[in-house]
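Given next, in structure tokens, is a single chain: the form predicted alone.
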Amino acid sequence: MEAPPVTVMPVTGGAINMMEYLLQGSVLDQALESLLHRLRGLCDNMEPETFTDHELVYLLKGQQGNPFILRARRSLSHPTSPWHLRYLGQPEVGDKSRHALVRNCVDVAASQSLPEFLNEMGFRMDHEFVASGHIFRKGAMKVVVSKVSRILVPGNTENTERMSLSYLVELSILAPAGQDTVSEDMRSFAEQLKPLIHLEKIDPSKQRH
């Protein structure tokens, strides 16, 4: 099944109807400390925020076309915090000169009954995972370094298995539509992380769940 790129952006607040500019890459476990050291020197917060989140991906199949996808996420580090419901639109493919992937992003806070509400609306939970890691910030840019783990027993976030021997790294900015100059800022920042990691504009058509 074709699907938007996997993203593990943590629950750190919501932005309604914005465009997300995104670059992604990965770094092997043994190179993690070198990358974190570099990010501490480049970013505004020398000590990163940490997070552990549980995300559930829901599908609503229509009469035709691709299913409608919503992502429900909750913080395991702060269990009393609101859930977040996120919609990620299809990436825009118009301007090939953009240095980052661009897609619509709607992110709203929700109550803890969100899963039950989605089920009643006809959505089906497709898969779930746990993501944990670090968040760095540089101005409007956010860098998330995370380890993704599959959940072995549905709903049991204590019983997980790491999916790879690497960390997912995401550089993103949320901005109003038309602010394409931010992708140039992202490209410049990504250049400073080489050769530790190469952050790229990922083609979603080549990714599958």
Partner chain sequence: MLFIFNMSLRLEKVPVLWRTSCLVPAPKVPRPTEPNHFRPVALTSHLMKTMERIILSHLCTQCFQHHPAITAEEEAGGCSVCQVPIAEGKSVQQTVDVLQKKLEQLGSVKQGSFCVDCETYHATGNVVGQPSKLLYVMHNSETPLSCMALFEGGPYLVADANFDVLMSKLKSHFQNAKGHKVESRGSRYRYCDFLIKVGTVTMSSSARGISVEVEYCPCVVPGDCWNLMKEFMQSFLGTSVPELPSVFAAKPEGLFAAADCVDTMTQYLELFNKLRKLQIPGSNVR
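Numbering follows the first chain given and starts at 1. Just so you know, these numbers come straight off a predicted model, no measurement behind them.
Not on display, but discussed next: the form predicted together with its partner chain.
The closest non-hydrogen atom of V153 lies beyond 4.5 Å of its partner chain in the predicted bound form. In the predicted bound form, at least one heavy atom of A110 sits within 4.5 Å of its partner chain. Residue contact with its partner chain in the predicted bound form: H127 places no heavy atom within 4.5 Å of it.
When contacts are judged by a 4.5 Å heavy atom cut-off, I135 does not count as touching its partner chain in the predicted bound form.
Contact annotation: its partner chain lies within 4.5 Å of heavy atoms from the stretch 41-49 in the predicted bound form, the single such stretch among 28-36, 162-170, 41-49, 142-150. Along 109-126, these residues reach a heavy atom to within 4.5 Å of its partner chain in the predicted bound form: A109, A110, S111, S113, L114, E116, F117, E120, M121, G122, F123, R124.
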